[in-house]
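Okay, so here's just one chain, in structure tokens, the form predicted alone.
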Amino acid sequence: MATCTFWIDGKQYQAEEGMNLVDAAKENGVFIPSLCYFKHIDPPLGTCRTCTCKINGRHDPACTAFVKEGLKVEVNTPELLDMRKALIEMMFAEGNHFCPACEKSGNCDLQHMGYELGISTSRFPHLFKDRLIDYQPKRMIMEHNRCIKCRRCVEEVFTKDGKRVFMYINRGNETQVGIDYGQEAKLSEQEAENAMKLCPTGAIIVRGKSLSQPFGDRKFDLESTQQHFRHTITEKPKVANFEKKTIATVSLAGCFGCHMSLLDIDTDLLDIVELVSFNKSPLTDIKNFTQRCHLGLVEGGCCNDENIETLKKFREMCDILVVMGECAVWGGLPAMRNTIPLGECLEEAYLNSVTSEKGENTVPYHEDLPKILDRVYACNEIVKVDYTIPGCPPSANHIWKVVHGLLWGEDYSLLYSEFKYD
């Protein structure tokens, strides 16, 4: 095969003529993100549009383009980078992607692209649609909440006699991937597992075969696909002198795991206390603000009126408001109830559940009890948030890099292994 010369972002590269642009760029050390592209599918799908580039002056998906002499491609312009971020953010917002509770976490291509693009939160509101999970296939479970309709399974999974196992059903916004139960039953165990691995998210699950792995053993835990991954923060803080700072912290609708992570800095905490003092915080047991604080750290979302009142007070009393952890960023695991009406949640918890006290199947109500909201709200839906730290929980290093950088005006970089959603 003849070699040709092409350009990416003004730099000259060489590759075999006719090679897929995504592969040619990767061979030359240029990262073009993609979710639907799979080498064995020809012609390429071009469904997710995550790999959109400007190719000879026209916006097209890179996975459907092929290298030829003189090809000019723009990959990393601010416009294209923002467009790709928006596409990934929409996929997260449109589905119910609860990373900490997902079997594919750490091996998920969608999650990985979020890491690579440095996405901390979505600019789009989460829909929290109540989609049914299909348990009827013989050995598979179809988790429609996670499907991004990349079409990989439709085009690649067949029985030995050439029959499709997956297909698109319904139309428009109601389109989803269905399973032919009869054909699925014909798949061998290995073929079923291959279908699960082919899926870029955790939408296809094989019963008993999707066991979780410890951090470090998963595909996307430690090393970036990009040769020079760098997630640099250059936020301009409101307070930049080196006087001792005051920090407030609080846990709302969460598990307190972010505070436990905060303490994982271990003996370095002795150095931290020389730099900061804690005001209102579970760490000090100070119940009310005694002074205005330079920075407030909030974990957990808002599930009741007391959470909202507390969050608004933090916004009022803190110069910089930082939310940490998935619950604070977009709702997290408590937001699993957002797909179910509040009335049904209360009925299941208090009326239909088993109780050791006869006659106690009642929904508790008292004027002193916080009033439960219709759903769990992310902190930025209630007040203005200055900075978000993703993770469940984020690592101690991640938290303290953010705190130190914001309070003393220092730029800092996060390692790929630190920037996680679970």
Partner chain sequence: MSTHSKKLFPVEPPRSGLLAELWQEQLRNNHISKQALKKLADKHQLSDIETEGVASFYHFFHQQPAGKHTIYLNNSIISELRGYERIRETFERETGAHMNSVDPTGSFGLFQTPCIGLSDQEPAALIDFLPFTNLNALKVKEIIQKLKQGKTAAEIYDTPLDNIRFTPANDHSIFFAPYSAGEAIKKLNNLSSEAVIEQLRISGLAGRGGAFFPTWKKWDTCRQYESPAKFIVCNADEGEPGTFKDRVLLNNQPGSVLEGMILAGYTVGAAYGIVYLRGEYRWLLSKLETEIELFHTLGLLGKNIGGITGFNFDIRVEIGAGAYVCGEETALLESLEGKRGEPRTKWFYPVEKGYLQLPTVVNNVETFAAVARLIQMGSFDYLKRGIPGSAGTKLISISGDCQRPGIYEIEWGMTVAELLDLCGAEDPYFIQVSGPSGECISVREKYRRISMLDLMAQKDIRCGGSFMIFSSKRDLVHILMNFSEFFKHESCGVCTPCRAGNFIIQRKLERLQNELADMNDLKELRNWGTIMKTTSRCGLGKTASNSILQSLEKFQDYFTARFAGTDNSTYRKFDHHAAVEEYERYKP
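Residue numbers count along the first chain shown, from 1. Predicted, not measured: the structure shown is a model, and the values here were computed from it.
Here the subject shifts to the form predicted together with the partner chain, a form of this protein not shown in this document.
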Report whether all of 46, 82 and 179 sit within 4.5 Å of the partner chain in the predicted bound form, measuring from non-hydrogen atoms.
yes
Can you tell me whether residue 135 touches the partner chain? I mean in the predicted bound form, with a 4.5 angstroms heavy atom cut-off.
no
Is residue 28 one of the residues lying within 4.5 Å of the partner chain in the predicted bound form, judged by heavy atom distances?
no
Even though the partner chain is not shown here, does residue 397 get within 4.5 Å of it in the predicted bound form, heavy atoms only?
no
Find out whether any non-hydrogen atom of residue 342 is located within 4.5 angstroms of the partner chain in the predicted bound form, and reply yes or no.
yes
Among the candidate residues 305, 285, 274, 268, which is the single one with a non-hydrogen atom no more than 4.5 Å from the partner chain in the predicted bound form?
305
Exactly one of 320, 165, 75, 253 has a non-hydrogen atom within 4.5 Å of the partner chain in the predicted bound form; which residue is it?
165
The chain here is shown without the partner chain. Which stretch in 101-109, 327-335, 166-174, 193-201 comes within 4.5 angstroms of it in the predicted bound form, by heavy atom distance?
166-174
What residues, if any, in 375-400 have a non-hydrogen atom within 4.5 angstroms of the partner chain in the predicted bound form?
377, 380, 381, 382, 383, 384
